[in-house]
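Shown here is one chain on its own, the form predicted alone, set out as structure tokens.
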Amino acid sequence: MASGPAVGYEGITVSHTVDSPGSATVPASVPPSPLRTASWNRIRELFALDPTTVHLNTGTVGAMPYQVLDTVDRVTRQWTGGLLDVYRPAMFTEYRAFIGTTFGVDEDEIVICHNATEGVARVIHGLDLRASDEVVTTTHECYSVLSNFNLLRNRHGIVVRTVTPPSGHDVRAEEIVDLVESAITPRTKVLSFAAITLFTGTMFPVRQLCELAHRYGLTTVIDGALIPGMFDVNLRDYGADFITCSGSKFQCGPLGTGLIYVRNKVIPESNPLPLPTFWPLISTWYPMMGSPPPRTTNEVASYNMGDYLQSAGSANLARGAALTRAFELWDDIGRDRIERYVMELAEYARGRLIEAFGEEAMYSPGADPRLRSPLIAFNPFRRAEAAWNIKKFVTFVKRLETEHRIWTRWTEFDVPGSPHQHYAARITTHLFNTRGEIDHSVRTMVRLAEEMS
């Protein structure tokens, strides 16, 4: 772990890496962390995992490292009953700068919020949409995305056009891009989609879809809840206008943490479009009279949109500090290393599931490597029509949890051409999982599915 003099806001002790965000991983003046070469068994010991369970549901919520838990407790105690100014540190300026560096963006483009759901709502309701403006999205979006666009439809008369993405082992990226493009009309203003769908685990072709949006002059809103902690990624390279993220899933920060990326300058190689009009809801930084300066048309921000969104009264200082601690840990381990491990383990799991249940049972893509993610959804039952029976999947997941201590999830989604809602079992691999856990879980699921079929 990086060591050195602690700095930070009054009362909030943070690693010196937060104060030196020039490097995305480890500052040049600090030797590489021992975690960079630590075994995965050693890294697993960092997490507050129940040794009697197998956690294959990071797609819903991760497991916090002990250091993150300790930070929550320590900072909460430091600020309890104090008389310090809680508003200045609630801007999280240093934390946003550090996290932004990790993702290749600037502090004025990052906001620490309460969770991805809140981030999605603040972005969607901040869009400058009027009656008859159209939004193109998919039926495989998270509830928080579809419900907020529906609210805008009911309140302001916008039109929400949805497409149902194909699912299954053989899906290819071009099918998704072509399907989305077919829904765009001259009235379309916004394209919104998940980077990784929580229902089928499909990794959408994010850059290709953003380039599609650029060609049509659309604002892009990405549900990136699963990105932090999974991928070693530069958010700006996607070319999106807005990306909302969870801090408690793959990043394994505290519950109630999330991030918003908001494009705040025009960098043509990532997104050549002008910045969209945006209304920063829930802001005590927005001027009480008059208007903010015009948004920039070049690579120099005209004002700090991140501050506009971040300034929203008091904040949970402990969770902001603990989320940043989780980011530091990931950087110490190496985000490239984590991504490689997580994806390799997912491929091992995908292979084992196909051996056990067949390719026809898979709802997650597998043939096109561009669409693979560590979330894998499948039908474990012998009969294909079992996928329409929610009771089977609820019982399957519940019995895995209660009888075998294996934590998974069931999901529900539309399938093109099918009159039925489909259900699937879903597993997720992360850096604390092992091949042994995958083998044990697949064997157990085979026996349980056979018993229930």
Partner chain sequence: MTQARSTAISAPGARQRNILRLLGTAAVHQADPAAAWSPAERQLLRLTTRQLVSYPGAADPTDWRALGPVGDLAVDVPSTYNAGLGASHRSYVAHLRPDVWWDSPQPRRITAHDVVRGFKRLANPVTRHPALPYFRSTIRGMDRYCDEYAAVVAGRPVTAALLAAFANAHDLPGVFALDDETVVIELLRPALDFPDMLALSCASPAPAEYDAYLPGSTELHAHLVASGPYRVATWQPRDTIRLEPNPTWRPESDPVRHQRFDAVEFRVSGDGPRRLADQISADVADLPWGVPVGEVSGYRADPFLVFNLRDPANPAMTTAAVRQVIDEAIDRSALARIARVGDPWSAVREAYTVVPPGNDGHLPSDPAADPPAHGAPRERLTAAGHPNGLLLTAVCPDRTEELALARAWAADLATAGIEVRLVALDEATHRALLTGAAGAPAQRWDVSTTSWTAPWGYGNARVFLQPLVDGARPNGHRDEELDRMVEQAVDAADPREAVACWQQVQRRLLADAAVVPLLFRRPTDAAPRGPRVRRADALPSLGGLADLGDVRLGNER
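Positions refer to the first chain, counted from 1. Because the structure is a prediction, the values reported are computed rather than measured.
Omitted here: the form predicted in complex with its partner chain. The next part is about that form.
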(request) Could you confirm whether Asn154 comes within 4.5 Å of its partner chain in the predicted bound form, counting heavy atoms only? (result) yes
(request) Although its partner chain is absent from this view, report whether Glu412 comes within 4.5 Å of it in the predicted bound form, heavy atoms only. (result) yes
(message) So in the predicted bound form, is its partner chain close enough to His420 to count as touching (4.5 Å, heavy atoms)?
(response) yes
(request) Would you please decide whether Thr37 lies within 4.5 angstroms of its partner chain in the predicted bound form, comparing each non-hydrogen atom pair? (result) no
(request) Could you tell me which one of Trp388, Trp407, Phe47, Phe396 places a heavy atom within 4.5 Å of its partner chain in the predicted bound form? (result) Trp388
(request) Look at the stretches 48 to 56, 424 to 432, 388 to 396, 65 to 73 and give the one with heavy atoms within 4.5 Å of its partner chain in the predicted bound form. (result) 388 to 396
